[in-house]
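The chain that follows stands alone, in the form predicted on its own, written as structure tokens.
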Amino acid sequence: MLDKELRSMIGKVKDGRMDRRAFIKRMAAVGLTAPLANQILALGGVAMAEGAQTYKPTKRGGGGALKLLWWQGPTLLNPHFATGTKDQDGSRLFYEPLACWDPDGNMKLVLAAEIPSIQNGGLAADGKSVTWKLKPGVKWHDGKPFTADDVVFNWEYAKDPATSALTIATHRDITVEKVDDLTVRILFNKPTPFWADAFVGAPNTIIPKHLFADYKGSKSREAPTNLSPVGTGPYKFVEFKPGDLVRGQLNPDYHMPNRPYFDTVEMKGGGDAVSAARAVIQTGEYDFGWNIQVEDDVLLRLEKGGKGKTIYAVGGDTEFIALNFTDPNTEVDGERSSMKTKHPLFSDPAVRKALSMLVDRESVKKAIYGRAGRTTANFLNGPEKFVSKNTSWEFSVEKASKVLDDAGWKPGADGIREKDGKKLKLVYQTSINGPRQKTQAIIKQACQKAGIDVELKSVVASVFFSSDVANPDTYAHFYADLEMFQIPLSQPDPSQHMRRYMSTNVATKENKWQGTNFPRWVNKDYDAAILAAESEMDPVKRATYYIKANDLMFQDIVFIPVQHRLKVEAAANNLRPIISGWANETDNLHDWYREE
């Protein structure tokens, strides 16, 4: 869409000649989702509308206990160290962001008093700053006031390399300043079209300065509050058993009227996705089960006459196989998968190419994911505007074998291919989960037919996704050749998701494996595309940069996408959870209630 035409349409919305709904429909016609259309309107001077409220309770409390089943239990409760989604979700019970995302990708206010816009002075017309007004009267759970000092502190805390925060990528290139006790301004070093990143959504919740100030930098892991949070959320901390249980009780001073509905909340860890689905849908022991990654035929059987149901939400989540670009079996200066090494097999592009042709996505969909899966060749699968049409996938053992033959990888006496004294033997790891083990088996079988020996490794989910820096079996350490899982797209924009794989964000021993680029892939063209996208104000040009970044991943075969996965949750029939494909499951927990 031409810039002149776009500006004309924004002008019509501003002066009332076109309504917001018509504008969004026009944007949808060229592939832009509603959230992104709203972002464009905001930068064009049209105030962003807050998501609609559907909350019905008229008083605080009285709803009894809310029992949540997170079969991967949280292992710590500091959002800045949450390498796993489970740790973000556990932290979100107590900590809050300035705003979050509803199921339609619209912004919802949490700790902020209003959505920034050009009209209210919150957005700079040049896209280089955003000013947030904070709600007055918000208190931390210990009674201390929540102020702009807390927001500024979180920026200082996260951007300090010595803190080794996972959130450093969001905070490294911005400046946050206090305007007054209830106002903060975020300054960008370049025009920033997606300004709702820092302090928005479950990955970017805010911790209290008065309890963490003495633990910034190298002492960050010593803070007692890492395990006993004091937040501003609807529930106050009661108990935490890492990997097993988190409990909270109603916050009588919560800043939202008539919330929370429930008197207590319990997040139980352990078990597996099948037992979680059964405990919610069939027996009714729990109200909600998270991430029900279960074979579709099992869910269909459970849904017949049960006490619960499955809930689906479409977002941009992708189940993928990541390739390690470093050597997981060579230790350098006390570090395996060191950036000072190269992978002995994947350094040959032919090996990566062959592997990409040995993933039978259609069989995985039919046999495992069913309604919850879509085949894809892309790592980035949403929002739609950013989805590449330049890629394709093919499953062919014969063609994969020919690629290896042509590259000089010949079968040995044992049937395993080898070249220059190196055998094609790989360790392929993932978390323990029925669909993932079945996917591993399907891929291992194809690899064997092509002369590749694959050792399957399954790690307990609470360990694989642990934020414990001393745990060698986490996905971030990546002490294997291949690993499979998915990282949720937790906002209706690809910026945060794609920024993870820039060369500046490599996971290393030095940053306590908090870097988000766990494949240790370095590509200057990718870095340049991401940097260009993050400052491009033209929505169409911006999309082309992210498509280019996706295509570079495709060309280098950094990831082999297995399925574009829908979010699948289990809920009691009378529970009214708010689930968004663009947010963590607990991000809208303050609006959950039970309808009798």
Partner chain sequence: MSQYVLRRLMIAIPSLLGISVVLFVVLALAPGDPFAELATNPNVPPEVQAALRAKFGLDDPIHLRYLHWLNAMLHGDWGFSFVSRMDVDTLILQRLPATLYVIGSAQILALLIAIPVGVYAATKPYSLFDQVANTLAFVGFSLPTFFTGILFILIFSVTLDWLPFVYTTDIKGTGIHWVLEMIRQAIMPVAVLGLFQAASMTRFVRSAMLDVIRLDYVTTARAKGLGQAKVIVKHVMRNAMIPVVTLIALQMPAVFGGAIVTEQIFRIPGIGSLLISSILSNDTPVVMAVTFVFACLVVLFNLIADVLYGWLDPRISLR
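Owing to the predicted nature of the structure, the values given are computational and were not obtained by experimental measurement. Numbering follows the first chain given and starts at 1.
This protein has a second form, the form predicted together with the partner chain, left out of what is shown; the following refers to that one.
*residue 343, heavy atom within 4.5 angstroms of the partner chain in the predicted bound form*: Contact with the partner chain, no.
*Does the partner chain come within 4.5 Å of any heavy atom of residue 517 in the predicted bound form?*
No, residue 517 is distant from the partner.
*asked:* Does any part of residue 218 reach within 4.5 Å of the partner chain in the predicted bound form? Heavy atoms only, please.
replied: Output for residue 218 is yes: heavy atoms within 4.5 Å of the partner chain.
_When the contact criterion is heavy atoms within 4.5 Å, does residue 191 count as touching the partner chain in the predicted bound form?_
Residue 191 lies outside the contact set for the partner chain.
*Out of 354, 276, 202, 196, which one falls within 4.5 Å of the partner chain in the predicted bound form, going by heavy atoms?*
By the 4.5 Å criterion, the partner-contacting residue is 276.
*Could you tell me which one of 235, 428, 521, 81 places a heavy atom within 4.5 Å of the partner chain in the predicted bound form?*
Residue within 4.5 Å of the partner: 81.
*Option from 279-287, 420-428, 310-318, 129-137 whose residues, in the predicted bound form, bring a heavy atom within 4.5 Å of the partner chain*: Looking at the partner contacts, the answer comes out as 279-287.
_in the predicted bound form, residues of 240-258 near the partner chain [heavy atom within 4.5 Å]_ = If the 4.5 Å heavy-atom criterion is applied to the partner chain in the predicted bound form, 240-258 yields 240, 241, 242, 243, 244, 245, 247.
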